[in-house]
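Below you will find one chain, with nothing else, as structure tokens; this is the form predicted on its own, and questions on how it binds or moves follow later.
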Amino acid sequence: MIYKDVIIIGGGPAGLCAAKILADQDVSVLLVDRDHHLGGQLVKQTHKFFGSEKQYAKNRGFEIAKILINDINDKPNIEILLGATVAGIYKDHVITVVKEERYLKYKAKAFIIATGASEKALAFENNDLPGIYGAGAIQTLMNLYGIVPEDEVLMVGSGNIGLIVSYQLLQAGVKVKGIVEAASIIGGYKVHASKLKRLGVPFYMQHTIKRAIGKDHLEAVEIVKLTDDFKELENETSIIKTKALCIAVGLSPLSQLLGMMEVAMKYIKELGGRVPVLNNLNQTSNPNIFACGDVSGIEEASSAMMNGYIAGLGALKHLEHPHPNHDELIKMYHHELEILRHSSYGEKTLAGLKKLGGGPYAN
């Protein structure tokens, strides 16, 4: 058994910011991630971030990852364990970790769960044909390995991920055959959508994928028009030829570890699924467990970072070793979150948080 004061599960933007808060404090920390690199989704994001200086505005995602990683590298109190999967978390404050052929056990006084989210799938006929990708897979191929999936792609989903990946495809010389969106309005920032429209990318609003067409590989898709209540209009279909289809229809919190600890959770559609009820220090109903980032509700990476800082401060206070500037920092990071969430695209998040309760949104 290996003992630590704090264990952070997940080395994406939220986990890294939690670690940054803990880096210069007199506590022992384990940061564990199943990937072989830190940074999570940041390492494949090449677009510049909006927001304030505290949110690393005007930096690209992979640049932010480097900054956050450099902030914790070589810190003697932080052990980093990569390529390791947390198999379970238990009520005696123990986690089990599988790394290569080793089975490790760690025990801690506090845990910060920053496991992120997984991509949602879309159900349609032949959705397992080769040539159908998730947006994260395409970002990994292009931005990490310099490989384009095909020379033409049809995108499903007009949220920020769908819009940003579409623009990255265009920059890589890939023809974007269009963007298919089930809703009547574009889900992402207008600045991203406007760039695509100027470049001639068509938007198929109030449409969804009915079926994929092809034998050994995707050759075309059939799209169908939807009513305002998302019912298919059978006589309003069309065929779009394409060699690849990218699915970007949202994310679901990876909250299984929180479920193992039986913390209070609610299903909140606006936040992506089952999420934990948190107080204003990102502490769950189990006082030893904190959560931050997409596992506590799907938001932008900037919000995940602010939440990571809050969780780190919360863990320090729980250990009765509060940060010397605790009150000032908590106030500042909550203020940054309020700014992010009161933007024109934060209404859904705010509505979800009010349904969830807890924290500053408790009734």
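Heads up: residue numbers just count along the shown sequence, starting at 1. Only a predicted model underlies this, so the values are computations on that prediction, with no experimental measurement involved.
The protein also exists as the form predicted together with a small molecule; that form is not presented, and the subsequent description refers to it.
With the small molecule omitted here, the record of contacts in the predicted complex names 157-165 of 227-235, 173-181, 272-280, 157-165, defined by a heavy atom within 4.5 Å.
Contact annotation: Gly187 falls outside 4.5 Å of the small molecule in the predicted complex, judged by heavy atom distances. Remark: Ser194 does not count among the residues lining the small molecule in the predicted complex, judged by a heavy atom distance of 4.5 Å or less. Although the partner is absent here, Glu300 is a contact residue: one of its heavy atoms lies within 4.5 angstroms of the small molecule in the predicted complex. Although the partner is absent from this view, Leu22 stays clear of the small molecule in the predicted complex, with no non-hydrogen atom inside 4.5 angstroms.
A single residue from the set Ile80, Leu257, Ala108, Leu218 has any heavy atom within 4.5 angstroms of the small molecule in the predicted complex; that residue is Leu257. In summary, among the residues Arg34, Lys54, Lys66, His334, the only one with a non-hydrogen atom within 4.5 Å of the small molecule in the predicted complex is Arg34.
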